[in-house]
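Take a look at this one chain, the form predicted on its own, written out in structure tokens.
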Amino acid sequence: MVLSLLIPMNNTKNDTIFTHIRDHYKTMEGYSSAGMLSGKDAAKTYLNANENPYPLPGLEELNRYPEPQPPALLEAYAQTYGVEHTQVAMTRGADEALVVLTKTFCEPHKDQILISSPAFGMYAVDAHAMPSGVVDVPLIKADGAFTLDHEEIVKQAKNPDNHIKLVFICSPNNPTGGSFSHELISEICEALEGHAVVILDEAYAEFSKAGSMAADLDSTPNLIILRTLSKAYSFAGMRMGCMLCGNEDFISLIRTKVLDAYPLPRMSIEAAFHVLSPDLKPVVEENIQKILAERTRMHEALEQSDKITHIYPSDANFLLIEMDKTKEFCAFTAENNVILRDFSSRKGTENCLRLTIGTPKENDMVLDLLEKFSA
């Protein structure tokens, strides 16, 4: 069955974001699955979704399709991120949100996205898969840290010849680790209103003192925020994330026209309820504090080594570390069963590796190997 969604275009907020959506999404009919039409009620007998009525032993209820966007879980996300449930679209991790947004806004062979390298590699990969182009406005290195080239981002995104639809900003940034001020991001959003949509990837926001910009969504009509349970919530294996947008009509379009009919696995849904429960919140906060303490300890310990040339400031759960023998050190740690991420051959992170903060024991292994390293 198909579902028609009429997009109201009677106010500035709607105009701002819907102007940039690919035209066919505004008029196309979306698919309405059995789950969308009927919901789920344990008191009812469902014979509408062509499901096998006989569950396998130990896998009870997995014979049934899950609700596409369970209202109770939407509310749990909304409570967690300080927004309304109508401003949330749940996805398989933030990675799926990247694909969905690129598909929604970028016309193949015509439109482009803008990134600021060093940046998370999937932004460009998803764009090229459309295929769409990528305009890179590299981060600026200043005083041992990275910052956004604000003026050049705005200039390139406003250039009509570039056909920029999406501007990707990751804060705290992966792989550099540093955050960009909310004021600077707001300035970019304001300057690009009517020209492009800003996608703010907040995968690591829980580790940053600055926190989220979710409170700005209602006043920033061209801002979309991505969140994930993979990092701070120790939930990478279940692939649960979401996009947040102040424009509820846009969120409705994403849910009904762009996402798959059943985008979320049942076991991931059920586990996410547990992860976002009030009972686990103290545990999540405790784990974050442990990581932050270890990040500080590792930064201080690594600074004492004459093999390390620079450690970039980090608001995330990792450190970007510069050293003269990066490739050799990463190979040495791998030989000793400790795997680091070598970024030394990538533009902007020459001679750098990325160290994810582990447990104190795991981090001590890195320090011990650094001391033994002699290449």
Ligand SMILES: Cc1ncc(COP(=O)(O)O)c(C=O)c1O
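Residue numbers run from 1 along the displayed sequence. Please read all numbers here as calculations on a predicted model, not as lab measurements.
Quick note: we don't show the form predicted in complex with the ligand, though the next part is all about it.
Q: So the ligand isn't shown here. In the predicted complex, which residue out of Asn174, Thr256, Ser212, Ser117 has a non-hydrogen atom within 4.5 Å of it?
A: Checked against the cut-off, the match is Asn174.
Q: Considering the ligand in the predicted complex, which of His150, Arg295, His85, Arg239 comes within 4.5 Å of it through any heavy atom?
A: Result of the distance check: Arg239.
Q: Counting only non-hydrogen atoms, choose the one of 287-295, 90-98, 139-147, 190-198 that falls within 4.5 Å of the ligand in the predicted complex.
A: That would be stretch 90-98.
Q: Answer for Leu264 alone: is it within 4.5 Å of the ligand in the predicted complex, judged on heavy atom distances?
A: No, Leu264 is distant from the partner.
Q: Report whether the minimum heavy atom distance between Lys231 and the ligand in the predicted complex is within 4.5 Å.
A: Yes, Lys231 is a contact residue.
Q: Any of the heavy atoms of Leu244 lying within 4.5 Å of the ligand in the predicted complex?
A: Judged by the heavy-atom cut-off of 4.5 Å, Leu244 is well away from the ligand in the predicted complex.
Q: Evaluate Ile185 for contact with the ligand in the predicted complex, applying a 4.5 angstroms cut-off between non-hydrogen atoms, and reply yes or no.
A: Contact check for Ile185: no, nothing within 4.5 Å of the ligand in the predicted complex.
Q: For the stretch 190-205, return the residues whose heavy atoms include at least one within 4.5 Å of the ligand in the predicted complex, in the order they occur.
A: Residues within 4.5 Å: Asp201, Ala203, Tyr204.
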